[in-house]
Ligand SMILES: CC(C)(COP(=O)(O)OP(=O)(O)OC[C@H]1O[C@@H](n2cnc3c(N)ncnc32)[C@H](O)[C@@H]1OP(=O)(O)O)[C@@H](O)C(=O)NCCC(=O)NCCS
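Shown here is one chain on its own, the form predicted alone, set out as structure tokens.
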């Protein structure tokens, strides 16, 4: 039977480190990238009381762990289930504990998960979806082989586009365009809830915290007047895989082929650097992006759910 959640700082440090390390392993296995010191920093914040985390089970054998971060007035959580028949009840109970821990001014929480088999993850999503404020955002991991024998096609650029690289564009322009690109979409605030936080994510990407930044695979496009129209960021995911970390296109010039051209330039850059595989993530509801990726040879290899909670107008 699932147990009531208890503060994770009660766990022995070694046990906590093992569980958080398993989370990192599982995220890496499905192609998600975390900063190098993430495990130690997360454990330190929990032990020292700076981070909020809860577990179910007992100290000698925890059955599930939940971690909560709040940044810029937005909540981010992660749930991890260890083996056991109570995994789904534990995860749903911990998800509710995360919402209960939010301050009244925090109106939204996005929760990732690891450790659940995909059918169980979908069951947990359905159970949570029956409660006020919860919904599930399904994201797909997609991959594409890269080879000199069958290279990605040459990009066809819209008329008047001038090319440079992301590194050569002022951070203010990158941040403003990235923020505009995702406003009003299911991905809005997925990584950051403010333009300032969005800037920090982009700065971290160029600094290599999500994998080595690759200038050769990170094109940017301007119009003749110097206005930024779009960009793509390519990074090293592993020695055998490059990741398309971000694609942003000005909403005013969408559906003119610029996103496809940027992606092709990114893929050709990854191939030139010797990566035999490209990887990216796409949200299920982003039909135009998913159609483009499939057109260019990407195939879904796994999926992951984000449990999203939005505070009901009258409170919980």
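Just so we're clear, the structure is a prediction, and the values are computed from it rather than from any experiment. Positions refer to the first chain, counted from 1.
If you look for the form predicted in complex with the ligand, you will not find it shown, but the lines that follow are about it.
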query	finding
Heavy atom within 4.5 Å of the ligand in the predicted complex - residue from 247, 43, 271, 264	247
288, 276, 49, 36 - the one with a heavy atom within 4.5 Å of the ligand in the predicted complex	288
Exercise: residue 260 in contact with the ligand in the predicted complex, heavy atom 4.5 Å	yes
Residue 213 within 4.5 Å of the ligand in the predicted complex, heavy atoms	no
4.5 Å heavy atom contact, residue 13 to the ligand in the predicted complex	no
Distance check, residue 292 to the ligand in the predicted complex, heavy atom within 4.5 Å	yes
Complete contact of 17, 69 and 96 with the ligand in the predicted complex (any heavy atom, 4.5 Å)	no
Contact stretch among 200-208, 179-187, 104-112, 120-128 - heavy atom within 4.5 Å of the ligand in the predicted complex	179-187
Stretch 89-104 - residues with a heavy atom within 4.5 Å of the ligand in the predicted complex	none
